[in-house]
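Only one chain is given next, in structure tokens, and it is the form predicted on its own.
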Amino acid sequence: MYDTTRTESAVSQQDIKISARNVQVYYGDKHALKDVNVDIQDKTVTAFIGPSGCGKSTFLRCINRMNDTIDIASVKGEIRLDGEDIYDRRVDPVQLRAKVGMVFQKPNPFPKSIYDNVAYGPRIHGLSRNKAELDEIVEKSLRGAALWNEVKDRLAEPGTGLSGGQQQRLCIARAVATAPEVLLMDEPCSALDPIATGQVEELIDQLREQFSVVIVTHSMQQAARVSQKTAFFHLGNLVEYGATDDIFTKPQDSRTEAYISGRIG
């Protein structure tokens, strides 16, 4: 079990956005995530790294209760967002997902116009009172995703007609349109070419000024470029968590060092 005490003393309680304690995840009989304890800071990019099947995406999906959608999944332990237990039965998962946006591995724009892709969330959550307010949210979200200048003259065209990199930035605009507090990204660049990857990485760096960003990535180079904090997962365990520079240059655990150096994974 990873011990959080090594880093907690350096982080004030006000900086902590997400707090997880003794989190376990089972898929049927498979124990996929074991006793995870971690505090994730606000206005910070936190990268989850580790070999395939190590639990990093499983834990990411716990943060907005996406595992609720899997019949055989069960989650135990406690995850708090701003001190509130997100698994409390009084918490509405739909409302939670408005506060905790998610961007998936492959761009998945809705089969709707560019405008309607971004307007979808604000509409269903009642975030605008009229068309002018909705227009403002759409423009602000597309600007936030560094996409406005490329699409402002074709908002009525289908989102599926954009390039792969543009589609992923559209999905980011869609995620930020509900004014979330946390943005989860599950390998958001794995389906993109190097140029589009660079654009999304620049965007991630800008987004942390507004959000707590958590990114799962199979690329250690990407984690080193975009994150301030890194968590290393292995065989369902959170092995080590700390400042990204420390994880990559002076890891405390031999398993982390073995993964960083390419001996496992």
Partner chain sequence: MTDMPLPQTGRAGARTKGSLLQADSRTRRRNAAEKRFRAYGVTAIAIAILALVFLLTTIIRDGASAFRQTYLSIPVTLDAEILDPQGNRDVAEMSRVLTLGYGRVLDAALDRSIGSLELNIPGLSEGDVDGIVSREASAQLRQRVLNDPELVGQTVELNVLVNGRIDGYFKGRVTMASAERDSNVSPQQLLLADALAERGLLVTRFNREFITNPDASDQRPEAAGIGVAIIGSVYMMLVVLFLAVPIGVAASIYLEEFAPKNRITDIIEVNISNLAAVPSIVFGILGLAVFINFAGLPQSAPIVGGLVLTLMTLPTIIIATRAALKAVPPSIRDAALGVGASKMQSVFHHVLPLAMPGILTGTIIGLAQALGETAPLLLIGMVAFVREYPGGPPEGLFDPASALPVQVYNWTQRSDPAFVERASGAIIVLLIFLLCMNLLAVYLRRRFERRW
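Numbering follows the first chain given and starts at 1. Predicted model only: the values in this text are computed from it and were never measured.
This next part talks about the form predicted in complex with its partner chain, which is not shown.
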| request: Using a 4.5 Å heavy atom cut-off, state whether T178 contacts its partner chain in the predicted bound form. | output: yes
| query | Is the gap between Y115 and its partner chain in the predicted bound form 4.5 Å or less for some heavy atom pair? | reply | no
| its partner chain contact at D85 in the predicted bound form, heavy atom, 4.5 Å | yes
| message | Does any part of S219 reach within 4.5 Å of its partner chain in the predicted bound form? Heavy atoms only, please. | response | no
| task | Identify, from the list D153, D193, D92, E157, the residue with a heavy atom within 4.5 Å of its partner chain in the predicted bound form. | result | D92
| field | Proximity to its partner chain in the predicted bound form, single hit among L162, V75, A98, C189 (heavy atom within 4.5 Å) | value | A98
| message | Just to confirm the contact call: exactly one of 27-35, 205-213, 48-56, 225-233 touches its partner chain in the predicted bound form at a 4.5 Å heavy atom cutoff, so which is it? | response | 205-213
| request: Just give me the residues of 112-126, first to last, that have a heavy atom within 4.5 Å of its partner chain in the predicted bound form. | output: R123, I124, H125, G126
